[in-house]
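Look below for two forms of one protein chain, each set out as structure tokens: first structure 1, then structure 2.
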Structure 1
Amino acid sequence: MKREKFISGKFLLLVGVLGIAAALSAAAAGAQSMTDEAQSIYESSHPSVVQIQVIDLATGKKTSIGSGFQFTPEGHMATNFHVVAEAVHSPQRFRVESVRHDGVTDPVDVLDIDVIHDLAVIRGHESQPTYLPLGRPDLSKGTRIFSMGNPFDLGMSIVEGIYNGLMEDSLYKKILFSGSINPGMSGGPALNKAGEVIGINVSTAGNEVSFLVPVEHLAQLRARVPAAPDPLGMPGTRWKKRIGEQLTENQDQYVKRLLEPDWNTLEVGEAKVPGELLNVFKCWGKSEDKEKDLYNYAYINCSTSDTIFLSPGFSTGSIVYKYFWLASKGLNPVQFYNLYENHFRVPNPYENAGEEDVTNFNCDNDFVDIGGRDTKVLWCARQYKKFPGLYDINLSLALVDRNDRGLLAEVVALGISKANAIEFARKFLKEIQWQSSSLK
């Protein structure tokens, strides 16, 4: 149907037609043996894979969907935390159901969660005999693996793709899966050829760039799940405490890892500043020096690709820092500082949280001696309303002892404790050095 539509399109480019034709023929030639493999894996696995629905109690309709799978004989099922997050936060407004391959709907309880790795262990009321065994994640890059789930509520599907190892620039290593994971497949299993679970579908960056949670995190979470669930279920306040504990513990470990090693440095203008603190940080840079402009600049932005999903519109866990070196080519000091101030004025946009989740920022500022030179340092913090020991912070500084050049730096850390924020800021500020050679 789709192909006919394409070809009958009036404005279809020739290149497009050729491209599609080439792709189709290649797929047809190479896919025969693999298709059989996928077919047999689907046949043996699909009774263990379910669709997860979050039902709004007020309307009785589903508000979000995902996938899940049974992985123990006792009936434990796994899915993503983000699939069931609403029901975890507001159990009085939502309930979770699984829909099995035979269409049977079964209400499920959330037994435990791991917000850091976006996992949840759930269990239905009726147990089933079939389950998917957890495998070992010792695959080599290029191995063909299979992901199952129910994309867009269209029906249970299996997707072939390539295992591409663990993501390098991430604190919470995920498996890079070159295959299409689409909304609704979250929480579904990724299987090796033996039909063992090696990962859990979690997210996609589009164009066959998808991510899986390595299966060992599920095994760790399973080990923590109590044998008998709380007969009253877990009320929202206790989940909140649990999430708070996980976040606090995680940022403690994270900041400890950050503070331990000697940091490598970057050069921006006359400044030597912290570079890629751990191998999980990636820095990008840009500079401009236009003929007609009376100034030039260099810009470096470092960040990790990690965010921890907490609820729709609320995520945390990332650290970003950026540098901006600005030098004048003929502006007088007052003009230069107007320009400099305009760049300083715009903070990193905070889009990770809303009014229910965080307070407004508190800020303070002062002149600080950094590496023997005068800087203006501002810093701001806002508290997480549901997790009061955690803060989002912003540390911004501007070198202010030269008439014609300056360095702006900004550090953004999300979901960090006060003590860790202060220690991180201390180390960060103390690491900044200046190359004296070019000083007057």
Structure 2
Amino acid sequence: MKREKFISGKFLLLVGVLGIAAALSAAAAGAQSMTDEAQSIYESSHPSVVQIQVIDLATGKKTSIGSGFQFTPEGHMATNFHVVAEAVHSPQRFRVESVRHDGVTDPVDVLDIDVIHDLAVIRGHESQPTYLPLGRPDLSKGTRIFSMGNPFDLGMSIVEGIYNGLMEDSLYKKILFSGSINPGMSGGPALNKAGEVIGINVSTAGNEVSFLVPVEHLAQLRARVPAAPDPLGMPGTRWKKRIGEQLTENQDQYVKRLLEPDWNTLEVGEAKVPGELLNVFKCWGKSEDKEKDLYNYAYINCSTSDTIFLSPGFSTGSIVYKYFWLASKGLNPVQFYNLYENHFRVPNPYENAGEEDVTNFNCDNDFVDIGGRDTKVLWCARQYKKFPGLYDINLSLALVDRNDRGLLAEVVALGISKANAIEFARKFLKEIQWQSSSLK
């Protein structure tokens, strides 16, 4: 009996060892398969992928780098707009070059841009015979894809990652890529297993959370590229007009989306206020009882995650709105007024833009009736210098009919026309309501 148990135990041990060996062998085979797949895609694709360099003409040295890739037999290459933005805005100060896999440097011309989706179509003076075909982005979540580029100027690399579908809570379509896109890889291709481009590297949030521009936007931009150079004046003038048109059209579209539906509301203090206007907005809240300071507060911040890059230090396209409910727990009226006034925000002159980009804020303030309660409203606007039809708007309001509690709110809209800003602000103010007990 004991011998049978001993033999049985040895047999089970042998089976276990063999099972582990088989599992290790299968894992090794799987790892080898993954490695070989990435290697195969790299070998076939890397001749079509380039480093993009922006050269400072005064020094002859590169001032920024990114990646790009040839996607037509005629030599058209793709990259991000933010990679070549300095040369687009200041062609008298910068030029663009591509560096091929064999080290050959080629001057590059910018043919067309899409600032909304952060894309540019460029072309070198010498086209190559190899190019990457554009594929379709309709992959299943969990599909392995491959990103290429030149991270940190360390050499061409390939990164394996997972396709996690389109970002649902975004004004603009973006692919969520579970892989590491590092600085220098912007503008490089993301490829499926067949070596077809399904997206363009654009940004990262760290910890293998990265984003790709869907390839459909590149196809649309390529269809608009003129067959011959645009004869409209100096390049800087042409691009300023092009960017202004794209920004104006885009803000018309998203403000229309904002104004059409009924808005849901949320409660803060004694007020009902606009909540998440569309699924692209997310609201976060916090409250605290400042017992030692004799007051409490509730704070809510709502915003989109979308911004549009125009140049280093200048971004636009965002909408943010905030609420702050303050209530005294023993402050006298003068103390509460001082606290309240300190939270009533006058906009900082330059937060998302530089002095060369926007004018100073011009502000008007008045006392208005909002839902039967006296409210101080401050309206501030500053104009874009290069795109004079667009403004940054800051609307701040403060409930002023109580000396022990009140609502503060702020709405910021970047890169919006004056007419659209007024329509948006009008609807926003109309949506603010008060709980019936607060009107007594």
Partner chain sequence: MAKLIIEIIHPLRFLREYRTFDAPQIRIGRGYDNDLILGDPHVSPAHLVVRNEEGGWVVEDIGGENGMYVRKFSKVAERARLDSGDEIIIGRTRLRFFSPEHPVAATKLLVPAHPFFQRIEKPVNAWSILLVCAMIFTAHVYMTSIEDVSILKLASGSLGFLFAAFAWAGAWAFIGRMIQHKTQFAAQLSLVLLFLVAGLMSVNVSEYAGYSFNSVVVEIMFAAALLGVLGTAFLAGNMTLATNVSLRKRIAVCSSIFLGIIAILTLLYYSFKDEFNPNPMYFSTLKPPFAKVLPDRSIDRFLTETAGIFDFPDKIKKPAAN
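None of the values given here were measured: they were computed from a predicted structure. Between two forms, the rigid core is the largest collection of C-alphas that superpose within 1.5 Å. When a residue number appears, read it as a position in the sequence of structure 1, where counting begins at 1.
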Structure, 1 versus 2, that is the form predicted together with the partner chain: 1
Rigid core fit then P183 CA moved by 2 Å or more between the two structures: no
Align both forms on the core first, then report whether N332 has a C-alpha shift of 2 Å or more between the two structures. yes
